[in-house]
Structures are given as C-alpha cells and as structure tokens.
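Have a look below at one chain only, the form predicted alone, in structure tokens format.
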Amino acid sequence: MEKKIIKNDLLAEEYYEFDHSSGLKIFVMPKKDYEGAFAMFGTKYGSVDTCFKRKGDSDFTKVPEGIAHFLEHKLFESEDLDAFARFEKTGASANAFTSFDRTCYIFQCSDNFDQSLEILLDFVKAPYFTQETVDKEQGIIGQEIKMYQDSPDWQVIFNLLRCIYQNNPVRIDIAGTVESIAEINAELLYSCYNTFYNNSNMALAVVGNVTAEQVIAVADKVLKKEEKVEIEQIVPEEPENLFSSYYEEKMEVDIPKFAIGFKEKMLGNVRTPKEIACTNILLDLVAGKVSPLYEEMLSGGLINKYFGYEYFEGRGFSVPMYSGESSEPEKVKEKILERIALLKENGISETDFEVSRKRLYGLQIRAFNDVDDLAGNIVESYFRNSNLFSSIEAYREISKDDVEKILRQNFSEELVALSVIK
C-alpha cells in the first residue's frame, strides 16, 4: 500500500496518507512524546444532506430533517453490547458529533489502542436498527431538541441563520424538530447509512503515540472492501437577498444576546483556505480584540468580554458573524457597519493588515500543540479537498490586496442580519 507523506518543513510536522484496500482514506500522525492516541472516524454527511440518490437509482430520496444526527445516536447500539460499554472495557473515552456537513465518531485512550480502534471501526461499520429501537430514540432526541430550544446561546445563532437563508437547509436545527424526527423509521436510516457511510465517503485519522503499521493492521482486520457509491444531491437554490434583516425572541436572559451575520455569495461549494484566512483577518480588523472598535465598545460598556467573531462556514454556506451580549445590540451593529464602511472607503493600512495576519498566523501555529484537535482537523481538511497545513500556508501567503478583494465582494450593508434574544 502506497504511503503518501504530507509535511510542513517550517513546523517540522508531517503525517501519512493511505488509500486502504477497503476504499477508506486513512491518515496517521505519529506523536512519540504523546501519552496516548486520539482517533476520529468521519463521514461527509451532515444535517444539510436531506435529498439525495445513489448512481443507478431512478428517484431522489427526501429524508426528514435531523436524520443524520439520529443515525449518529443509533450507531452506538447493537444486538449485544453497545459501543460505550465496549469502550469502557478498554478504558477509552468515546464520543460523536453531527454538524451541518459531517458526522464523526471519536475515541481517546492512553493504552489498549489496537482494541479501541477495532471497536471504533467495527461499530460504525455494523449498523443495527429496528423500528422498536427507533421509536425509543425518538423520545430521547425529542427531549434533546427541547433542551436546545431553551438555550438562548443556541437559539440566537439559529435565528440568525433563519434570517440569512431562505432555502438552504443550514437554517434547520441539526437535530431537526420533534415533528420531523417522528417521520424517521428503520428503512430510512438504512437508506442514509448505505449511501453516506460508504468507505469512499469517509476518512479515518489517528494522532498520537502509535505507528502507521498498527493502524493499517487493525483496518486490514476489520474493514471489508466496498464498491464506491456515487452520490447525487439536490441543493435548494438560494436567493441572493436575506429572508429577514432582524429577528427578536424573548427568553430568560440577564443581558440581551445578539448575533450579527453577513450573507455571502457562494462562488463554490466550500470556501478555500485562502478565502477563510482573508475573512478571518477582516473580522479581526473590524472588531477583533486588538482593534480600536473593540476597545471603544468595551470601555464604553456597549459590549462585554463575551463578544467575539466567527467565520461560520462549511459545505454550501458561509456567514461572517459577531456575537455577544449587549443592552444595545442595534448600536453594536451600527458601529460595526460604520467601521466596515470606513475600511471600504479608505482601504486597509499595511500595518494593521500585518498585525492581524501575524496574530492569526501565530494562533494557527499554536494550535498544533493541541494534539486532541489534530485528528479532527485532518478529517475536516480532507473533506474540504485540502490538508492540515493549508490554512497555515494561506496565512503566510495572502496579501492586503487579497483581503481587500474579499471586503469589496462581501460584508454588504444590504446583506446583514441581526438576531436578538431579549
């Protein structure tokens, strides 16, 4: 089996990429000084994937919202011992998550790595659904949905997404609704599983005190060769304009919470590392913690320490956003738009650009000290058609002109929305 080495000489870091005979892409990043190991087994399947068909199918399958998250829950079960109980025997700590565009299964261990990896690969590749267990899970996830609906921090973001997008499924809660999950049955779960949990749509990344030979040996033992599944999906056409520029909801909060987001034109299915780096630098320049505007708003009591920014993006969606707490969220939005207008009119100073670029570049480098996040970053970068070092290289190479191009292209005053929880 051919081993491809992906490395960054500046960081003196590298990892290996394998095309396993089963059809699965495997990545291994040995860290001899690390006490244990961290593994992630992921599929390019999330809450936005609600309408699809496999090559050869005559019709598209439309599935209920929240089914990807539901499927994640169900995979831990089996006819005998559930996956958590199996991991307990090896001493590994296991978890999973579903996002808008991927689902990942994780474990971390200090010993018994081979046995733990075997459990991970085995339970993810061995689905077991019955209508009885599906009915039981509907009640459990229904309670989880209600819990998130009672969370102001969760609702303020989803209300913003519902303002920004009219048709994009990212506007729907990852877990779906109580009504939508009631439509899920075992047959639909198997249909989604057989489509998106094909090895060709998945990736395994392992980081820690392990060898590539160990990982491949376990994969050889557990994984069977699968014919590649070609997936065709329907992505709803999204208008350029907002659904709404403002949404307000009342919940139990001491200080109003807010989220401000800009709708972007999707020029491709995913943002490139360069586009992401440029946008993060812009967010930082406008109202990052070292910007004059941040200091002005903080010292004036307009915001508090919980204010921050995020480039919320993924497959088919992208929203630069600011969020936090303020008694005057409309004024925060006004200040941010004034700062953006000033940058568009006068341009970005070379000094400010370099300060922000170097600061964010440094944060990217320091992230390599957090071994637990590396496996997830490897899987995510592979699903984006890039590699673990692409973002660092982007921050090194981008220019002020690149950032100003994104500023002119996005951050439009006509395409900004405000979500408030009062």
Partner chain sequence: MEMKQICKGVKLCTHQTDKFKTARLSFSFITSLGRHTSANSLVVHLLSATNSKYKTISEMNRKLASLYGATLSCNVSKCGDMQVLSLILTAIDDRFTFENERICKDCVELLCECVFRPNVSPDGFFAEDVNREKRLLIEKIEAEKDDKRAYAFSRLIEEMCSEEAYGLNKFGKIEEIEKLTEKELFTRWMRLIVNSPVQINYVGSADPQIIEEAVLPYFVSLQRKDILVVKTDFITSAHEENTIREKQNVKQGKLVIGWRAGMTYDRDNFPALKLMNMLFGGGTFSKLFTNVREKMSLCYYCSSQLIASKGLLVVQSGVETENTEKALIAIKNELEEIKKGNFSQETLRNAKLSYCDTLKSIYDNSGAIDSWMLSYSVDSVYYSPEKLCELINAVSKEEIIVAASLITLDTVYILEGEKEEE
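All values derive from a computational prediction rather than experimental measurement. Positions refer to the first chain, counted from 1.
Below, we turn to the form predicted in complex with the partner chain, even though it does not appear here.
Taking 291, 166, 211, 185 one by one, only a single residue has any non-hydrogen atom within 4.5 Å of the partner chain in the predicted complex, and it is 291.
Checking 131, 194, 143, 241 against the partner chain in the predicted complex, a heavy atom within 4.5 Å turns up for just one residue: 143. Mapping the unseen interface onto this chain, residue 126 falls outside it, with no heavy atom inside 4.5 Å of the partner chain in the predicted complex. Interface residue remark: residue 396 is counted as part of the site for the partner chain in the predicted complex, having a heavy atom within 4.5 Å. In the predicted complex, at least one heavy atom of residue 325 sits within 4.5 Å of a heavy atom of the partner chain. For residue 44, no non-hydrogen atom is located within 4.5 Å of the partner chain in the predicted complex, even though that partner is not displayed. In summary, the region of this chain contacting the partner chain in the predicted complex, judged by heavy atoms within 4.5 Å and restricted to 308-316, 229-237, 90-98, 198-206, corresponds to 90-98. No member of the trio 248, 283 and 417 reaches the partner chain in the predicted complex with any non-hydrogen atom inside 4.5 Å. Contacts of stretch 98-113 with the partner chain in the predicted complex, defined by any heavy atom lying within 4.5 Å, are made by 108, 109, 110, 111, 112, listed in sequence order.
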